[in-house]
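In C-alpha coordinates, the next block holds one chain alone, the form predicted alone.
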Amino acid sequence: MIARVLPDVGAIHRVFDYLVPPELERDVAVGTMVRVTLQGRRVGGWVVAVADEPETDRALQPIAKVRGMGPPPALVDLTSWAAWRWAGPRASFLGTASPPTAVRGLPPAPARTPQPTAPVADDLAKEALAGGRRVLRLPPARDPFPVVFEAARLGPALVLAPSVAQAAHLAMRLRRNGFAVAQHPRDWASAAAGGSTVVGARAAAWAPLAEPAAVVVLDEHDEGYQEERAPTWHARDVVIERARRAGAPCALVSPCPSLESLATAPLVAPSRSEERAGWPVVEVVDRRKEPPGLGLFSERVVTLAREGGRLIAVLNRKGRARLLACVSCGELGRCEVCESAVEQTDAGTLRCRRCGAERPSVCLACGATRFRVLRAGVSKAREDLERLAGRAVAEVSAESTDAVGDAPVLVGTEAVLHRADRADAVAFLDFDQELLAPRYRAGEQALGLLARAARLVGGRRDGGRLVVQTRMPTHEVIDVVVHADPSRFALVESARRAALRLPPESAIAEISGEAASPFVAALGNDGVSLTGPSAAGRWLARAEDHRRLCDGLASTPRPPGRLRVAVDPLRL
(Lines give C-alpha, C1' and ligand atoms only; values in the text may rest on other atoms or scores of the structure.)
Protein backbone atom coordinates (compact mmCIF):
# COMPACT_ATOMS: atom_id res chain seq x y z
CA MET A 1 0.00 0.00 0.00
CA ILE A 2 1.39 3.40 -1.06
CA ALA A 3 0.39 6.64 0.68
CA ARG A 4 0.83 9.94 -1.13
CA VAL A 5 1.67 12.48 1.57
CA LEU A 6 1.62 16.27 1.45
CA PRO A 7 4.11 17.51 4.08
CA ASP A 8 3.11 20.28 6.46
CA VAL A 9 6.12 22.38 5.43
CA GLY A 10 5.54 25.90 4.17
CA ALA A 11 8.11 25.86 1.37
CA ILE A 12 7.15 22.41 0.01
CA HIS A 13 4.04 21.92 -2.11
CA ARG A 14 4.86 18.53 -3.65
CA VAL A 15 3.30 15.19 -2.76
CA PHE A 16 5.68 12.35 -1.84
CA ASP A 17 5.13 8.58 -1.92
CA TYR A 18 5.65 6.53 1.26
CA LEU A 19 5.21 2.86 2.08
CA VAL A 20 2.49 1.97 4.55
CA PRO A 21 3.73 -0.72 6.95
CA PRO A 22 1.32 -3.68 7.19
CA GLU A 23 0.58 -2.93 10.85
CA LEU A 24 -0.61 0.60 9.92
CA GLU A 25 -2.73 -0.24 6.86
CA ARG A 26 -5.97 -0.29 8.87
CA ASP A 27 -5.25 3.19 10.23
CA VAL A 28 -4.23 4.91 6.97
CA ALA A 29 -6.77 6.41 4.59
CA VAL A 30 -7.22 9.60 2.61
CA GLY A 31 -7.05 12.47 5.11
CA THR A 32 -5.09 10.63 7.81
CA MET A 33 -2.54 12.79 9.62
CA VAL A 34 0.90 11.14 9.68
CA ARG A 35 4.55 11.79 10.45
CA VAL A 36 7.16 11.00 7.80
CA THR A 37 10.89 11.39 7.27
CA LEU A 38 11.75 14.13 4.80
CA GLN A 39 15.29 15.21 4.06
CA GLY A 40 16.57 13.69 7.28
CA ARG A 41 13.97 15.11 9.66
CA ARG A 42 10.55 14.13 10.91
CA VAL A 43 7.64 16.30 9.68
CA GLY A 44 3.89 16.10 9.83
CA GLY A 45 1.66 15.71 6.82
CA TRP A 46 -1.59 14.42 5.37
CA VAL A 47 -2.35 11.41 3.21
CA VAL A 48 -4.00 12.92 0.15
CA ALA A 49 -4.26 9.69 -1.88
CA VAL A 50 -3.54 5.98 -1.64
CA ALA A 51 -2.31 3.74 -4.45
CA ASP A 52 -0.99 0.28 -5.19
CA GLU A 53 2.02 1.42 -7.19
CA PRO A 54 4.47 4.30 -6.54
CA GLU A 55 5.07 7.08 -9.05
CA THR A 56 8.86 6.90 -8.66
CA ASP A 57 11.58 4.28 -9.12
CA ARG A 58 13.37 5.34 -5.94
CA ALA A 59 13.24 3.23 -2.82
CA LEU A 60 10.41 4.41 -0.61
CA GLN A 61 10.63 5.13 3.09
CA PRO A 62 7.87 3.90 5.40
CA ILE A 63 5.44 6.16 7.22
CA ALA A 64 6.96 6.78 10.64
CA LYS A 65 3.78 7.31 12.64
CA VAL A 66 0.03 7.79 12.35
CA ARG A 67 -0.89 10.94 14.28
CA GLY A 68 -4.63 10.51 14.04
CA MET A 69 -7.67 11.13 11.90
CA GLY A 70 -7.81 14.11 9.59
CA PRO A 71 -10.35 15.64 7.22
CA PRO A 72 -12.61 13.27 5.27
CA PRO A 73 -11.84 12.58 1.58
CA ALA A 74 -14.42 15.10 0.36
CA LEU A 75 -12.67 17.90 2.23
CA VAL A 76 -9.23 16.73 1.13
CA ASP A 77 -10.43 17.08 -2.44
CA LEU A 78 -11.94 20.49 -1.63
CA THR A 79 -8.55 21.77 -0.43
CA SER A 80 -7.21 21.42 -3.98
CA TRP A 81 -9.98 23.70 -5.23
CA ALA A 82 -9.39 26.17 -2.39
CA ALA A 83 -5.64 26.30 -3.05
CA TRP A 84 -6.45 27.25 -6.66
CA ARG A 85 -9.25 29.67 -5.72
CA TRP A 86 -7.20 31.69 -3.20
CA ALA A 87 -3.71 31.08 -4.61
CA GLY A 88 -2.41 29.58 -1.38
CA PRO A 89 -0.67 26.42 -0.15
CA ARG A 90 -2.90 23.38 0.11
CA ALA A 91 -1.38 22.51 3.50
CA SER A 92 -2.86 25.70 4.97
CA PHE A 93 -6.39 24.51 4.17
CA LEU A 94 -5.70 20.96 5.32
CA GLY A 95 -4.53 22.40 8.64
CA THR A 96 -7.77 24.37 9.05
CA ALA A 97 -9.80 21.24 8.23
CA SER A 98 -7.92 19.09 10.78
CA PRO A 99 -8.92 18.52 14.43
CA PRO A 100 -7.37 20.78 17.09
CA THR A 101 -6.16 17.73 19.03
CA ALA A 102 -5.33 14.16 17.98
CA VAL A 103 -8.42 12.06 17.18
CA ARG A 104 -7.84 8.29 17.01
CA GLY A 105 -11.45 7.15 16.94
CA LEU A 106 -14.97 8.44 16.50
CA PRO A 107 -17.89 8.25 18.91
CA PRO A 108 -21.02 6.43 17.74
CA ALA A 109 -23.32 8.52 15.60
CA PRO A 110 -26.40 9.77 17.48
CA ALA A 111 -29.52 7.69 17.12
CA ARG A 112 -32.12 9.00 14.73
CA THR A 113 -34.92 10.75 16.58
CA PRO A 114 -38.34 11.89 15.33
CA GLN A 115 -38.05 15.20 13.52
CA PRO A 116 -39.04 18.08 15.81
CA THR A 117 -41.90 20.19 14.63
CA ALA A 118 -41.55 23.96 14.41
CA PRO A 119 -44.05 25.74 16.65
CA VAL A 120 -44.81 28.18 13.81
CA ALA A 121 -44.24 27.39 10.15
CA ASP A 122 -41.86 29.85 8.50
CA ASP A 123 -42.60 30.12 4.80
CA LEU A 124 -39.52 32.23 4.11
CA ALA A 125 -37.25 29.60 5.69
CA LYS A 126 -38.84 26.86 3.62
CA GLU A 127 -38.51 28.89 0.43
CA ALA A 128 -34.84 29.65 1.15
CA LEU A 129 -34.09 25.95 1.59
CA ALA A 130 -36.32 24.62 -1.17
CA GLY A 131 -33.29 23.69 -3.27
CA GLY A 132 -30.20 25.22 -4.81
CA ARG A 133 -28.79 28.47 -3.49
CA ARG A 134 -30.83 31.39 -2.16
CA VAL A 135 -30.09 34.75 -0.57
CA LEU A 136 -32.54 35.38 2.27
CA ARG A 137 -32.88 39.01 3.32
CA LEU A 138 -34.24 39.20 6.86
CA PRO A 139 -34.60 42.56 8.68
CA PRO A 140 -32.42 42.96 11.80
CA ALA A 141 -35.22 42.47 14.32
CA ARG A 142 -36.37 39.18 12.81
CA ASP A 143 -35.00 36.01 14.43
CA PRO A 144 -33.10 33.86 11.87
CA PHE A 145 -33.44 30.73 13.99
CA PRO A 146 -36.39 29.32 11.97
CA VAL A 147 -34.00 29.06 8.99
CA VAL A 148 -31.51 27.11 11.10
CA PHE A 149 -34.33 24.94 12.46
CA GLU A 150 -35.60 24.15 8.97
CA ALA A 151 -32.08 23.25 7.79
CA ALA A 152 -31.59 20.87 10.74
CA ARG A 153 -34.91 19.20 9.96
CA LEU A 154 -33.57 18.25 6.53
CA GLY A 155 -30.76 16.25 8.14
CA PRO A 156 -27.26 16.93 9.48
CA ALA A 157 -26.74 20.53 8.40
CA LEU A 158 -23.78 22.91 8.41
CA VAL A 159 -24.54 26.29 10.01
CA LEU A 160 -22.11 29.22 10.16
CA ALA A 161 -22.42 32.20 12.49
CA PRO A 162 -20.23 35.34 12.51
CA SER A 163 -18.83 34.71 16.02
CA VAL A 164 -18.10 31.86 18.39
CA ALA A 165 -20.58 33.27 20.93
CA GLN A 166 -23.40 33.34 18.38
CA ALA A 167 -22.55 29.81 17.28
CA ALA A 168 -22.71 28.58 20.89
CA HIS A 169 -26.12 30.24 21.35
CA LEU A 170 -27.46 28.60 18.18
CA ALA A 171 -26.14 25.21 19.28
CA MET A 172 -27.92 25.56 22.62
CA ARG A 173 -31.23 26.46 20.94
CA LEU A 174 -30.98 23.51 18.55
CA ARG A 175 -30.30 21.09 21.41
CA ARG A 176 -33.31 22.44 23.30
CA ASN A 177 -35.40 21.67 20.22
CA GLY A 178 -34.28 18.04 20.17
CA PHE A 179 -31.50 18.06 17.56
CA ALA A 180 -28.10 16.38 17.87
CA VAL A 181 -25.53 19.17 17.58
CA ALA A 182 -21.75 19.27 17.22
CA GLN A 183 -20.14 22.61 17.98
CA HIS A 184 -17.01 23.19 15.91
CA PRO A 185 -14.11 22.86 16.70
CA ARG A 186 -14.77 21.49 20.20
CA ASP A 187 -16.89 18.57 18.90
CA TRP A 188 -14.75 17.78 15.84
CA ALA A 189 -14.99 14.01 16.38
CA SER A 190 -18.79 14.11 16.80
CA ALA A 191 -19.08 16.10 13.57
CA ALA A 192 -16.91 13.54 11.73
CA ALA A 193 -19.04 10.67 13.09
CA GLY A 194 -22.08 12.08 11.26
CA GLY A 195 -25.67 12.44 12.30
CA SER A 196 -25.26 15.85 13.97
CA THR A 197 -25.89 19.36 12.75
CA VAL A 198 -22.58 21.22 12.91
CA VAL A 199 -22.54 24.82 14.14
CA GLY A 200 -19.52 27.10 14.26
CA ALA A 201 -17.83 30.31 13.17
CA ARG A 202 -15.49 30.87 10.19
CA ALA A 203 -13.36 27.73 10.59
CA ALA A 204 -16.51 25.57 10.66
CA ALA A 205 -16.63 25.98 6.88
CA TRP A 206 -14.07 23.13 7.02
CA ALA A 207 -15.96 21.02 9.59
CA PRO A 208 -15.71 17.25 8.86
CA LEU A 209 -19.38 16.74 7.99
CA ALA A 210 -19.09 14.39 5.03
CA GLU A 211 -22.30 15.32 3.19
CA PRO A 212 -24.32 18.18 4.70
CA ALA A 213 -28.04 17.96 4.08
CA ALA A 214 -28.27 21.77 4.03
CA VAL A 215 -25.99 24.77 4.51
CA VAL A 216 -26.88 28.05 6.23
CA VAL A 217 -24.67 31.15 6.57
CA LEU A 218 -26.02 33.75 9.00
CA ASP A 219 -25.06 37.40 8.45
CA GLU A 220 -23.18 36.40 5.31
CA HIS A 221 -22.17 40.06 4.82
CA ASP A 222 -20.01 39.97 7.97
CA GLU A 223 -16.34 40.54 7.14
CA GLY A 224 -15.36 38.16 9.96
CA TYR A 225 -15.99 35.29 7.54
CA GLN A 226 -12.89 36.23 5.52
CA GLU A 227 -9.38 35.36 6.62
CA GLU A 228 -7.19 38.46 6.58
CA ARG A 229 -3.93 36.50 6.37
CA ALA A 230 -3.00 34.94 3.05
CA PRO A 231 -4.56 32.80 1.72
CA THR A 232 -7.53 35.13 2.16
CA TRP A 233 -10.24 32.47 1.92
CA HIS A 234 -13.88 33.31 2.60
CA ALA A 235 -16.02 30.87 4.60
CA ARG A 236 -19.13 31.79 2.61
CA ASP A 237 -17.53 30.77 -0.68
CA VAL A 238 -16.13 27.56 0.81
CA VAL A 239 -19.54 26.35 2.02
CA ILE A 240 -21.20 27.42 -1.23
CA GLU A 241 -18.82 25.09 -3.05
CA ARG A 242 -19.43 22.34 -0.47
CA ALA A 243 -23.19 22.65 -0.94
CA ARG A 244 -22.81 22.55 -4.73
CA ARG A 245 -20.75 19.37 -4.59
CA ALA A 246 -23.14 17.71 -2.13
CA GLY A 247 -26.24 18.84 -4.03
CA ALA A 248 -27.54 20.43 -0.83
CA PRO A 249 -29.65 23.61 -0.48
CA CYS A 250 -27.70 26.65 0.65
CA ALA A 251 -29.25 29.71 2.34
CA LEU A 252 -27.22 32.93 2.69
CA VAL A 253 -29.02 34.99 5.34
CA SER A 254 -28.44 38.69 5.96
CA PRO A 255 -30.32 41.95 6.64
CA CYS A 256 -28.10 43.59 4.00
CA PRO A 257 -26.73 40.94 1.60
CA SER A 258 -23.35 41.50 -0.01
CA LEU A 259 -23.19 42.21 -3.73
CA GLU A 260 -21.14 39.03 -4.16
CA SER A 261 -23.98 36.86 -2.86
CA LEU A 262 -26.65 38.78 -4.78
CA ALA A 263 -24.68 38.22 -7.98
CA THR A 264 -24.74 34.44 -7.59
CA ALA A 265 -28.18 33.55 -6.23
CA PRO A 266 -31.83 34.67 -6.39
CA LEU A 267 -33.17 36.83 -3.57
CA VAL A 268 -35.90 35.82 -1.14
CA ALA A 269 -37.30 38.67 0.97
CA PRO A 270 -40.33 39.36 3.19
CA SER A 271 -43.08 41.76 2.24
CA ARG A 272 -42.33 45.49 2.41
CA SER A 273 -44.50 45.91 5.51
CA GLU A 274 -42.69 43.09 7.32
CA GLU A 275 -39.29 44.45 6.35
CA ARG A 276 -40.14 47.99 7.48
CA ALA A 277 -41.36 46.65 10.82
CA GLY A 278 -38.04 44.85 11.30
CA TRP A 279 -35.94 48.03 11.13
CA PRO A 280 -35.99 50.70 13.88
CA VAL A 281 -36.90 54.35 13.54
CA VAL A 282 -33.89 56.29 12.26
CA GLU A 283 -33.11 59.90 13.18
CA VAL A 284 -30.62 61.62 10.89
CA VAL A 285 -28.85 64.59 12.49
CA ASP A 286 -27.67 66.85 9.68
CA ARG A 287 -24.57 68.53 11.07
CA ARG A 288 -24.04 70.75 8.03
CA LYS A 289 -26.32 73.39 9.55
CA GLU A 290 -24.85 73.34 13.05
CA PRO A 291 -22.51 76.13 14.15
CA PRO A 292 -18.84 75.16 14.59
CA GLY A 293 -17.43 74.31 17.98
CA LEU A 294 -20.16 71.95 19.19
CA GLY A 295 -17.79 68.98 19.12
CA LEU A 296 -18.92 65.38 18.67
CA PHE A 297 -22.26 65.61 20.41
CA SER A 298 -25.36 67.09 18.86
CA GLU A 299 -28.19 68.34 21.05
CA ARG A 300 -30.20 65.21 20.23
CA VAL A 301 -27.49 62.83 21.45
CA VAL A 302 -27.05 64.79 24.69
CA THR A 303 -30.82 64.67 25.26
CA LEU A 304 -30.85 60.87 24.80
CA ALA A 305 -27.94 60.52 27.22
CA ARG A 306 -29.86 62.49 29.87
CA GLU A 307 -33.26 60.84 29.43
CA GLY A 308 -32.56 57.65 31.36
CA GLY A 309 -32.69 54.94 28.71
CA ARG A 310 -29.66 52.93 27.69
CA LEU A 311 -27.61 54.77 25.06
CA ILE A 312 -24.72 53.36 23.06
CA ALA A 313 -22.54 55.94 21.29
CA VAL A 314 -20.25 54.59 18.57
CA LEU A 315 -17.01 56.28 17.54
CA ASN A 316 -14.49 54.20 15.59
CA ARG A 317 -11.43 56.01 16.89
CA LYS A 318 -9.48 54.47 19.74
CA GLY A 319 -7.45 56.46 22.22
CA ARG A 320 -7.89 59.92 23.65
CA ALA A 321 -7.03 62.35 20.86
CA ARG A 322 -6.18 61.22 17.34
CA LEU A 323 -5.31 64.63 15.87
CA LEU A 324 -3.85 67.59 17.81
CA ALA A 325 -2.90 71.18 17.06
CA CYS A 326 -0.69 73.48 19.11
CA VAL A 327 -2.71 76.17 20.92
CA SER A 328 0.10 78.75 20.45
CA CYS A 329 1.17 78.35 16.82
CA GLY A 330 -1.51 76.12 15.29
CA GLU A 331 0.94 73.48 14.00
CA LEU A 332 -0.34 69.90 13.91
CA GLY A 333 1.21 67.51 16.40
CA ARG A 334 3.62 65.31 14.45
CA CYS A 335 6.22 62.65 15.19
CA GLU A 336 9.83 63.83 15.33
CA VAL A 337 10.97 60.45 13.88
CA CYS A 338 8.64 59.74 10.94
CA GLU A 339 6.51 62.92 10.80
CA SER A 340 3.23 61.03 11.16
CA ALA A 341 0.38 62.42 13.28
CA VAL A 342 0.68 61.77 17.01
CA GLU A 343 -2.03 60.89 19.50
CA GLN A 344 -2.39 61.82 23.15
CA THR A 345 -2.10 59.00 25.67
CA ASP A 346 -3.91 58.74 28.99
CA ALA A 347 -0.63 59.66 30.69
CA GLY A 348 -0.54 62.98 28.79
CA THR A 349 2.38 62.09 26.49
CA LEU A 350 2.34 62.11 22.69
CA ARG A 351 2.70 58.82 20.83
CA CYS A 352 3.15 58.07 17.15
CA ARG A 353 0.73 55.49 15.76
CA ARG A 354 3.08 54.59 12.89
CA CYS A 355 6.47 54.01 14.55
CA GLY A 356 5.56 53.94 18.25
CA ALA A 357 7.87 56.81 19.29
CA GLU A 358 6.70 58.59 22.44
CA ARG A 359 7.63 62.01 23.81
CA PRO A 360 6.42 64.63 26.30
CA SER A 361 3.58 66.92 25.26
CA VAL A 362 5.73 69.56 23.56
CA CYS A 363 5.18 71.27 20.19
CA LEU A 364 8.10 70.66 17.82
CA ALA A 365 7.59 74.04 16.14
CA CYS A 366 7.41 76.47 19.08
CA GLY A 367 7.98 74.44 22.24
CA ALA A 368 4.53 75.13 23.72
CA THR A 369 2.98 72.45 25.92
CA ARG A 370 -0.75 72.97 25.27
CA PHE A 371 -2.60 71.25 22.40
CA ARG A 372 -6.15 71.52 21.08
CA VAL A 373 -8.00 68.32 20.16
CA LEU A 374 -9.07 68.34 16.52
CA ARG A 375 -10.18 64.71 16.32
CA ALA A 376 -11.20 63.08 19.58
CA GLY A 377 -10.97 59.37 20.34
CA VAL A 378 -13.34 57.31 22.48
CA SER A 379 -11.52 58.14 25.74
CA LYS A 380 -12.01 61.89 25.27
CA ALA A 381 -15.56 61.33 24.01
CA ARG A 382 -16.41 59.40 27.17
CA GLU A 383 -15.17 62.26 29.38
CA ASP A 384 -17.08 64.88 27.40
CA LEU A 385 -20.35 62.92 27.33
CA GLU A 386 -20.14 62.21 31.04
CA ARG A 387 -19.92 65.95 31.74
CA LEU A 388 -22.75 66.79 29.33
CA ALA A 389 -25.14 64.06 30.47
CA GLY A 390 -24.43 64.14 34.18
CA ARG A 391 -24.46 60.33 34.23
CA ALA A 392 -21.82 57.62 34.43
CA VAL A 393 -20.45 56.65 31.02
CA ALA A 394 -18.48 53.45 30.36
CA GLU A 395 -15.87 53.07 27.62
CA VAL A 396 -15.72 49.93 25.45
CA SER A 397 -13.20 48.93 22.79
CA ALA A 398 -11.79 45.69 21.41
CA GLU A 399 -9.08 45.80 24.09
CA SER A 400 -11.52 46.33 26.97
CA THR A 401 -11.73 43.47 29.45
CA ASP A 402 -14.36 44.87 31.83
CA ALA A 403 -17.87 43.46 31.58
CA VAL A 404 -20.39 45.82 30.02
CA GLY A 405 -23.07 44.93 32.56
CA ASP A 406 -25.96 47.37 32.89
CA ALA A 407 -24.02 50.61 32.39
CA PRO A 408 -26.63 53.22 31.33
CA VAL A 409 -24.44 54.95 28.73
CA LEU A 410 -21.69 53.32 26.70
CA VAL A 411 -19.17 54.94 24.38
CA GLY A 412 -16.90 52.82 22.24
CA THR A 413 -15.65 51.62 18.92
CA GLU A 414 -17.78 49.22 16.91
CA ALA A 415 -16.73 46.54 19.41
CA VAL A 416 -19.41 47.91 21.73
CA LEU A 417 -22.07 46.67 19.28
CA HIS A 418 -20.80 43.12 19.85
CA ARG A 419 -20.27 43.40 23.61
CA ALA A 420 -23.67 44.86 24.52
CA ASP A 421 -26.85 42.78 24.35
CA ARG A 422 -29.47 45.54 24.24
CA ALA A 423 -29.98 49.29 23.88
CA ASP A 424 -32.78 51.84 23.79
CA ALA A 425 -30.84 53.99 21.33
CA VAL A 426 -27.61 53.74 19.35
CA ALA A 427 -25.93 56.93 18.13
CA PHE A 428 -23.14 57.06 15.55
CA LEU A 429 -21.13 60.15 16.45
CA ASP A 430 -19.10 60.46 13.25
CA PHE A 431 -20.72 58.26 10.63
CA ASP A 432 -19.01 60.11 7.79
CA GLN A 433 -15.81 58.39 8.88
CA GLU A 434 -17.43 55.08 7.89
CA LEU A 435 -18.99 56.36 4.66
CA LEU A 436 -15.75 57.96 3.44
CA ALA A 437 -13.34 55.22 4.52
CA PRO A 438 -10.70 54.60 1.82
CA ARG A 439 -11.98 51.11 0.97
CA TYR A 440 -14.16 50.08 -1.93
CA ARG A 441 -16.39 48.08 0.47
CA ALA A 442 -16.86 51.08 2.79
CA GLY A 443 -20.56 51.40 1.96
CA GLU A 444 -21.28 47.73 2.65
CA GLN A 445 -19.32 47.83 5.88
CA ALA A 446 -21.12 50.99 7.03
CA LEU A 447 -24.48 49.39 6.28
CA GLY A 448 -23.43 46.31 8.23
CA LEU A 449 -22.70 48.51 11.26
CA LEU A 450 -26.17 50.06 11.07
CA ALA A 451 -27.76 46.62 10.78
CA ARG A 452 -25.85 45.41 13.83
CA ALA A 453 -26.98 48.46 15.80
CA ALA A 454 -30.57 47.97 14.61
CA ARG A 455 -30.50 44.45 16.02
CA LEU A 456 -29.72 45.85 19.48
CA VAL A 457 -32.60 48.34 19.53
CA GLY A 458 -35.18 46.11 17.81
CA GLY A 459 -37.87 46.90 15.28
CA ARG A 460 -40.22 49.86 15.00
CA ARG A 461 -42.75 48.57 17.48
CA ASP A 462 -39.99 48.05 20.08
CA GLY A 463 -39.50 51.82 20.34
CA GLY A 464 -35.73 51.85 19.81
CA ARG A 465 -33.87 54.58 17.93
CA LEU A 466 -30.91 54.80 15.59
CA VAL A 467 -29.33 58.26 15.57
CA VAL A 468 -26.88 59.02 12.76
CA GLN A 469 -24.81 62.21 12.91
CA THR A 470 -23.59 63.08 9.43
CA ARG A 471 -22.83 65.79 6.92
CA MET A 472 -24.01 63.47 4.13
CA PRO A 473 -27.69 62.92 5.00
CA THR A 474 -28.64 61.90 1.43
CA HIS A 475 -26.02 59.15 1.16
CA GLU A 476 -27.46 55.87 -0.18
CA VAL A 477 -26.44 53.94 2.97
CA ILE A 478 -28.45 56.30 5.18
CA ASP A 479 -31.30 56.22 2.67
CA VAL A 480 -31.43 52.43 3.10
CA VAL A 481 -32.05 52.49 6.85
CA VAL A 482 -34.44 55.44 6.69
CA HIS A 483 -36.65 53.56 4.19
CA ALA A 484 -35.79 50.04 5.49
CA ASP A 485 -35.00 48.95 1.93
CA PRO A 486 -31.49 47.45 1.34
CA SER A 487 -32.26 47.03 -2.37
CA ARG A 488 -31.75 50.80 -2.78
CA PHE A 489 -28.10 50.44 -1.81
CA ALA A 490 -27.55 47.35 -3.95
CA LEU A 491 -28.87 49.18 -7.01
CA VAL A 492 -26.56 52.19 -6.60
CA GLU A 493 -23.49 50.27 -5.42
CA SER A 494 -23.66 47.61 -8.14
CA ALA A 495 -23.68 50.36 -10.81
CA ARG A 496 -20.69 52.04 -9.15
CA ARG A 497 -18.75 48.77 -8.94
CA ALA A 498 -19.49 47.99 -12.57
CA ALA A 499 -18.21 51.40 -13.69
CA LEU A 500 -15.00 50.96 -11.67
CA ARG A 501 -14.56 47.26 -12.51
CA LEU A 502 -14.60 46.25 -8.87
CA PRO A 503 -15.90 42.94 -7.44
CA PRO A 504 -18.25 41.30 -8.12
CA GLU A 505 -17.93 42.79 -11.62
CA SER A 506 -14.34 41.50 -11.73
CA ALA A 507 -11.93 39.35 -9.76
CA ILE A 508 -8.98 41.04 -8.05
CA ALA A 509 -5.79 39.90 -6.36
CA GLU A 510 -3.32 42.09 -4.46
CA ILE A 511 0.31 41.03 -4.86
CA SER A 512 3.05 42.25 -2.50
CA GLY A 513 6.35 41.23 -0.94
CA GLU A 514 9.97 41.20 -2.01
CA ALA A 515 9.26 38.58 -4.70
CA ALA A 516 6.25 40.46 -6.08
CA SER A 517 8.13 42.18 -8.91
CA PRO A 518 9.48 39.02 -10.62
CA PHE A 519 6.18 37.22 -10.01
CA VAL A 520 4.20 40.01 -11.67
CA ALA A 521 6.67 40.07 -14.57
CA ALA A 522 5.93 36.39 -15.22
CA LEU A 523 2.16 36.82 -14.85
CA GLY A 524 1.53 37.26 -18.55
CA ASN A 525 -1.71 35.35 -18.73
CA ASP A 526 -4.38 36.30 -21.26
CA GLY A 527 -7.29 38.04 -19.60
CA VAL A 528 -5.32 39.24 -16.53
CA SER A 529 -4.48 42.96 -16.40
CA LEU A 530 -1.96 44.47 -14.00
CA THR A 531 -1.67 47.87 -12.34
CA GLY A 532 1.09 49.07 -10.03
CA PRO A 533 3.25 49.17 -8.18
CA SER A 534 1.62 51.50 -5.64
CA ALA A 535 3.61 53.66 -3.23
CA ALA A 536 3.52 50.70 -0.84
CA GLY A 537 4.95 48.36 -3.49
CA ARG A 538 1.71 46.49 -4.24
CA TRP A 539 0.31 45.36 -7.59
CA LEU A 540 -3.30 44.62 -8.50
CA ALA A 541 -4.11 41.76 -10.83
CA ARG A 542 -7.59 41.96 -12.32
CA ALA A 543 -9.59 39.58 -14.52
CA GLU A 544 -13.14 39.25 -15.76
CA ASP A 545 -13.83 36.34 -13.40
CA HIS A 546 -12.11 34.11 -10.86
CA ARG A 547 -11.48 31.32 -13.33
CA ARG A 548 -9.24 33.51 -15.48
CA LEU A 549 -7.57 35.18 -12.50
CA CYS A 550 -6.90 32.01 -10.53
CA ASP A 551 -5.72 30.08 -13.60
CA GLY A 552 -3.22 32.86 -14.26
CA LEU A 553 -1.97 32.91 -10.66
CA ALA A 554 -1.72 29.11 -10.51
CA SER A 555 0.22 28.82 -13.77
CA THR A 556 2.83 31.43 -12.79
CA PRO A 557 5.92 29.99 -11.04
CA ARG A 558 6.67 31.52 -7.67
CA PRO A 559 10.15 33.05 -7.38
CA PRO A 560 12.18 32.68 -4.17
CA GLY A 561 11.53 35.25 -1.47
CA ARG A 562 8.50 36.48 0.45
CA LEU A 563 5.37 36.75 -1.68
CA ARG A 564 1.83 37.55 -0.56
CA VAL A 565 -1.08 36.98 -2.92
CA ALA A 566 -4.43 38.13 -1.52
CA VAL A 567 -7.35 37.13 -3.72
CA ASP A 568 -10.48 39.23 -3.02
CA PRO A 569 -8.59 41.46 -0.54
CA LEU A 570 -10.76 42.65 2.31
CA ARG A 571 -9.17 46.06 2.85
CA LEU A 572 -8.52 47.22 -0.71
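Every value quoted in this text rests on a predicted model; they were computed, and no experiment measured them. Sequential numbering from 1, following the sequence displayed.
Below, we turn to the form predicted together with the DNA, even though it does not appear here.
Note on the interface: of 535-543, 499-507, 513-521, 31-39, the segment with non-hydrogen atoms within 4.5 angstroms of the DNA in the predicted complex is 31-39.
Only one of the listed residues (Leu530, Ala51, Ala64, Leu60) places a non-hydrogen atom within 4.5 angstroms of the DNA in the predicted complex, and that residue is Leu60. Mapping the unseen interface onto this chain, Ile12 counts among the residues with a heavy atom inside 4.5 Å of the DNA in the predicted complex. Although the partner is absent here, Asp526 sits far enough away that none of its heavy atoms falls within 4.5 Å of the DNA in the predicted complex.
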